[in-house]
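Here we start with a single chain on its own, the form predicted on its own, put down as structure tokens.
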């Protein structure tokens, strides 16, 4: 079987708060399920064909890191947007998520986003930080999601955009409307660091299943991994947050 390829965008500049752990999680779970998987690091100037990869991941970065990669990513925007329309799985964290919208605010003022999704981000007066518990049904049934958020961006979705999840406890997109992240086709943008996927194996498997289905591989998807440790970490965070500890 030809290896699955996950494009890891700008790993040297966009890797705050252990976001690289999402890549490690995805690759290992793919291998444990019996699917060969390679990670393709994409740096500024690296050639990339979105038609030749099975998923795109970009972690959060500093404002300086975001500014450094903006021009290179903007040059790929048309192809990236078409790939999203073609159902390519994408996961963007933190300010990489902010970059997907119409515009986002930094200390230097409003900056143009890639305009892949219909939302915008402003600066909050106070940082929104802490563990967070969400609920969503991206896997087909309502389930909890846990993570860690640390952002000063306040993201507001338009009526045309759908959030990734609903906030049970925490701030989410803006600390006001109870939404967190964005979900468009197979693209997910979220503020959840930590990293997100090791503590939420059901979300990791959502991306894996999506990659497999896009390949047209016929398989009766059955969860066969022992996720005892992963769910223990998940439940400990959820319990602590919901109990207010």
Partner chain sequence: MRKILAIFVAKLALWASRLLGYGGTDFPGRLARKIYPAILSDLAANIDEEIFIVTGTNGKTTTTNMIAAMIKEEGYTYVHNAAGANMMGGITTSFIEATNLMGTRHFDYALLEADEANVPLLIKEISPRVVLITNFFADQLDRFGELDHTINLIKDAVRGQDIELVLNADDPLVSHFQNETGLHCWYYGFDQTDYDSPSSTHNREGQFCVFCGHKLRYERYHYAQLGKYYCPECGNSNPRANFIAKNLRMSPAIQFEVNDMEIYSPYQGFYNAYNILAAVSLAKLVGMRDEAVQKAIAKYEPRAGRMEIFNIDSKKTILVLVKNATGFNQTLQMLSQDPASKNLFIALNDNAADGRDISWIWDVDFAFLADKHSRPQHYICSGQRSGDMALRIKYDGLPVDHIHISASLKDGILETLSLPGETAYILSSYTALFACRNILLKLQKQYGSPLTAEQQDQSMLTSS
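Positions refer to the first chain, counted from 1. Quick caveat, the model's predicted, so the values are computed rather than measured.
One more form of this protein, predicted in complex with the partner chain, exists but is not displayed; see below.
Student: Verify the flagged residues 3, 89 and 202 against the partner chain in the predicted complex: is each one within 4.5 Å by a non-hydrogen atom?
Tutor: Not a single residue of the candidate spot has a heavy atom within 4.5 Å of the partner chain in the predicted complex.
Student: Wondering, does residue 148 line up within 4.5 Å of the partner chain in the predicted complex on heavy atoms?
Tutor: Residue 148 belongs to the contact set for the partner chain.
Student: Would you classify residue 32 as touching the partner chain in the predicted complex, given a 4.5 Å non-hydrogen atom cut-off?
Tutor: Yes - in the predicted complex, heavy atoms of residue 32 and the partner chain come within 4.5 Å of each other.
Student: Is it the case that residue 218, even though its partner is missing from this view, gets within 4.5 Å of the partner chain in the predicted complex, heavy atoms only?
Tutor: Output for residue 218 is no: heavy atoms all beyond 4.5 Å of the partner chain.
Student: If we define contact as a non-hydrogen atom of the residue within 4.5 angstroms of the partner, is residue 74 a contact of the partner chain in the predicted complex?
Tutor: Although the partner chain is absent here, residue 74 would stay clear of it in the predicted complex, with no heavy atoms inside 4.5 Å.
Student: Would you mind picking the one in 46, 62, 213, 40 that has a heavy atom within 4.5 Å of the partner chain in the predicted complex?
Tutor: The residue in contact is 62.
Student: Taking the partner chain in the predicted complex, which residues of 119 to 153 have any heavy atom within 4.5 Å of it?
Tutor: Counting only heavy atoms within 4.5 Å of the partner chain in the predicted complex, the contacting residues of 119 to 153 are 127, 129, 131, 148, 150.
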